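Only one chain is shown below, in structure tokens, and it's the form predicted on its own.
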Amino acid sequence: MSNRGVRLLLLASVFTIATCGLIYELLAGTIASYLLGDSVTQFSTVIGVYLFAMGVGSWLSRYVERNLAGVFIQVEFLIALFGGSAAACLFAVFPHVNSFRVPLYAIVFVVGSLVGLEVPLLLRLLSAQLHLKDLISKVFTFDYIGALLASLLFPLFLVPYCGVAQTGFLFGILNAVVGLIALWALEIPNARALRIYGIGVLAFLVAGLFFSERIVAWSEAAAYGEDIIYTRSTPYQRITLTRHSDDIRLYLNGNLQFSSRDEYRYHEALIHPGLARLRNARHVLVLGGGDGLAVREILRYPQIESVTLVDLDPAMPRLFSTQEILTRLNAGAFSSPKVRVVNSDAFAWLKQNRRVFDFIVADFPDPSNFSVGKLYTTAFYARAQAALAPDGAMVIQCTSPFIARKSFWCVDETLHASGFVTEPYHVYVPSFGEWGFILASHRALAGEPEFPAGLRYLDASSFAELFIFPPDMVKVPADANRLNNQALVRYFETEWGRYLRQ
């Protein structure tokens, strides 16, 4: 191949390295977020370990003195092998290790070191083809363009349409193909052995791509101990549905959201202590709750004229409005002409909202990271307060007051700091244990509740018990949760972390 052809091939390799390297980094951060929660911490630590490993690899490159092209291609094949299979391997080992962070950071370190080793080798190969100023400008230009492409493709196309395991294998295949093309174009000693090695890596990755769904399904079945009936990765979360006998369970990023055997306790407690005391309620806003189970309870009240549901992930309402096994659970809530679904971030949607609602339901995931924690801040509650009718009420799910006692009362303190009158309460849900809620309003709600027919748990007696807190759950001092401190996330991580380590 001519010098110009070699130069173009090596620059294309820079582009491929940047694209694939960032994809592998994003895959590790995404899987860590799915399996461990707290996306801010997981991405921060994964990126930190990856960049440190690149530094180690760059330092090691100084010891490569001969056969630069051959070593470069060997490293390219190793990156393809380890980077391409990393996502599937992490899913596979998760159910079987006590500390998932050990294999996670080990794989990130290996891939980062190889990428860090590869880049200096490329620079040295190109130094014979380009002047220093051209070398630096072109290498960094291709590197940054590749990084941009990866950062756009990953959330917009790869995760929603390919899934994380398939994405890893696809880009591993790309790495291997580039290595084989470079092997064909460059004059390298022992090229035959390298070619056999590269073809073997490529064949392994193609097989991995073919079996990737089975690998993930097997690992999830082992992790959940239940039959997986549906699983999908979206740009926002991994949705998994399991079935054991007559029990359907929903998991988001590995965290249980409901069990069909007892979800009625949770959703009756979420909706009826507030709505049953609002005689004139006509318009309801549900934030989160994309499974439609809260909407099912709201629609028990014939006077309700409209329900607006705001959920970030369109895959959730779509799933729970099209699958018969799920529409039976939510009583076909999304088919009601009273219900309107909006796919948007609740924080941003409330900022532009001009409507007023009689009842607001904040049914968000627990505040395990800062992106969710913002939905429990004074800033968020100020926006919700502006959308609440003068005689209306808002209810918030607030994690377990038994396991995360300070977290629960932090939400109460935050609502007080936002100007609300609050009524904290709790209910026992067998799948979750003790679970907490807080009713918030401009002024205290009056009157006895008038429950609709057909409830399985709530009645006058159980309603009164909701508001009684035993000594191990009574109020403790806590800071208000604000955007600039996110105290709630710190409380939550500490308390649930302590509980899970027991």
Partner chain sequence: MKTTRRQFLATAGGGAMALLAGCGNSPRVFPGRIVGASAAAGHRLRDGAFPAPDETLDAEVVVIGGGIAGLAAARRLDGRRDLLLVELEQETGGNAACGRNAVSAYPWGAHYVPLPNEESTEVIALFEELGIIRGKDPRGLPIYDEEALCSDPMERLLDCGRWQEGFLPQLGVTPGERRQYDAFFARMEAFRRTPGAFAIPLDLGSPYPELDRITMAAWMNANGWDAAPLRWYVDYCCRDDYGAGIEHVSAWAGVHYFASRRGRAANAERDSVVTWPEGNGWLAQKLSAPLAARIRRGCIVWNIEAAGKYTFVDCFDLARERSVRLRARGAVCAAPRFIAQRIVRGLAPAQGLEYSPWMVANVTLDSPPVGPGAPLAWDNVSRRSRSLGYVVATHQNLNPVQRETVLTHYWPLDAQSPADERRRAVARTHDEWCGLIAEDLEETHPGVTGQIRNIDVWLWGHGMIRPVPGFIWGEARRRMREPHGMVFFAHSDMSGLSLFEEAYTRGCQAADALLARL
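Residue numbers count along the first chain shown, from 1. None of the values given here were measured: they were computed from a predicted structure.
Missing here is the form predicted in complex with the partner chain; even so, the following discussion is about that form.
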property	result
The partner chain: the contacting residue among Tyr428, Trp184, Phe370, Tyr161 in the model of the complex [heavy atom, 4.5 Å]	Phe370
Heavy atom within 4.5 Å of the partner chain in the model of the complex - residue from Tyr301, Phe82, Tyr105, Phe347	Phe347
Any non-hydrogen atom of Ala393 within 4.5 angstroms of the partner chain in the model of the complex	no
Exercise: Thr378 in contact with the partner chain in the model of the complex, heavy atom 4.5 Å	yes
Gly332 within 4.5 Å of the partner chain in the model of the complex, heavy atoms	no
Contact of Lys351 with the partner chain in the model of the complex (heavy atom, 4.5 Å)	yes
Partner-facing stretch of 243-251, 370-378, 186-194, 109-117, counted where any non-hydrogen atom is within 4.5 angstroms of the partner chain in the model of the complex	370-378
Heavy atom contacts to the partner chain in the model of the complex at 4.5 Å, residues of 170-199 in sequence order	none
